[in-house]
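Before any questions on how it binds or moves, here is one chain, the form predicted alone, in structure tokens.
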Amino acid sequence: MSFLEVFQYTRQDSVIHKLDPRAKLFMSIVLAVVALMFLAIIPLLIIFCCLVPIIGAAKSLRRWSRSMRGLSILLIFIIIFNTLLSTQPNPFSHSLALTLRLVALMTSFSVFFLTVHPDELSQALIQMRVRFEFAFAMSMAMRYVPTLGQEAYAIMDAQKARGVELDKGNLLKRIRNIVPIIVPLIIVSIRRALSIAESMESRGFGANATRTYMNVLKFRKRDWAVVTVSLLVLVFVVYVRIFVPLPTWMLWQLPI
């Protein structure tokens, strides 16, 4: 469950952390859109190489790398499964490109989730004219990710104590071993959701439509600079993708 760490906020003193959540959300969306525009290995590698310094500027490379290692089994499964079933001329190259795109998308949004506190996310959505109920739900979902990971580790330890070998066997056996973890995790999640719902109801959630907030987010010059640069990058990439033919070396594929 280490791949869930990519959605867990980490408090750091970095340039990315100091940005407004709305600026980081716009930047992450632009990076994800740029990654979705290409399905060739070289352009996706270039995009990935541009994303890594941003993660480094957020001082979250270690947590991001642990998440990618936790996701490695899924990535290998995608490559193998898609290579065997793909109808493309070069199935392995196509599968590798899809995997690189998935990693780029995960990295794009990890810039946002690793650097935005759930309270800041809720306040940003509210100031973007999103309904308070939806903003609160998003904030609660972000808060629940670390708890979900802790519950998963506790269930894994309990199953190992009962003699379940989760780390042994071939790939199919390891996939089957996920069932003794997923089922208890779903039950615990439902119970926790019911407990939270009862707590909110006992506190009169939603009784007053008019709400006040202690902290109000404000755009600064650096936030406007991030939004402007992100918008220029998006316009440039869209123009290149539509009107400029890519060089042959950027469309290179493995001969398998």
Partner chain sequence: MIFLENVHFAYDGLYTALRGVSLQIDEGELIAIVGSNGAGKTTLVKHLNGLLRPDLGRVILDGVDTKHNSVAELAREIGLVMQNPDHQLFLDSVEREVLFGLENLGYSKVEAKERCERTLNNLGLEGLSERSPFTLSGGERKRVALASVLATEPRVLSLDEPTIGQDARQKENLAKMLGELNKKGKAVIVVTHDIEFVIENFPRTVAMADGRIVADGPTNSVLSNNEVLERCSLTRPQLTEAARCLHNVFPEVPERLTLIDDLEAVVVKILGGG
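Note that the structure is predicted; figures quoted are calculated from it, not measured. For the two forms, the rigid core is made up of the largest set of C-alpha atoms that agree within 1.5 Å on superposition. Positions refer to the first chain, counted from 1.
Although not depicted, the form predicted together with the partner chain is the subject of the following passage.
Just one listed stretch, out of 102-110, 78-86, 126-134, 147-155, contacts the partner chain in the predicted complex at the 4.5 Å heavy atom level, and that stretch is 147-155. Residue contact check for P91: none of its heavy atoms lie within 4.5 Å of the partner chain in the predicted complex.
For A161, a non-hydrogen atom is located within 4.5 Å of the partner chain in the predicted complex, even though that partner is not displayed.
With a 4.5 Å cutoff on heavy atoms, R222 does not count as touching the partner chain in the predicted complex; it lies far away.
Although the partner is absent here, L231 is not a contact residue: none of its heavy atoms lies within 4.5 angstroms of the partner chain in the predicted complex.
The contact residue chosen from V52, I46, I187, L36 relative to the partner chain in the predicted complex is I187, the criterion being a non-hydrogen atom within 4.5 angstroms. Although the partner is absent from the chain shown here, none of D13, R63 and L71 has a heavy atom within 4.5 Å of the partner chain in the predicted complex. A displacement of less than 2 angstroms separates the C-alpha positions of I73 between this form and the one not shown, with the rigid core held in common. Residue displacement note: S195 has its CA displaced by at least 2 Å between this form and the one not shown (rigid core superposed).
A movement of the C-alpha atom of P118 falling short of 2 angstroms is seen between this form and the one not shown when the two forms are aligned on their rigid core.
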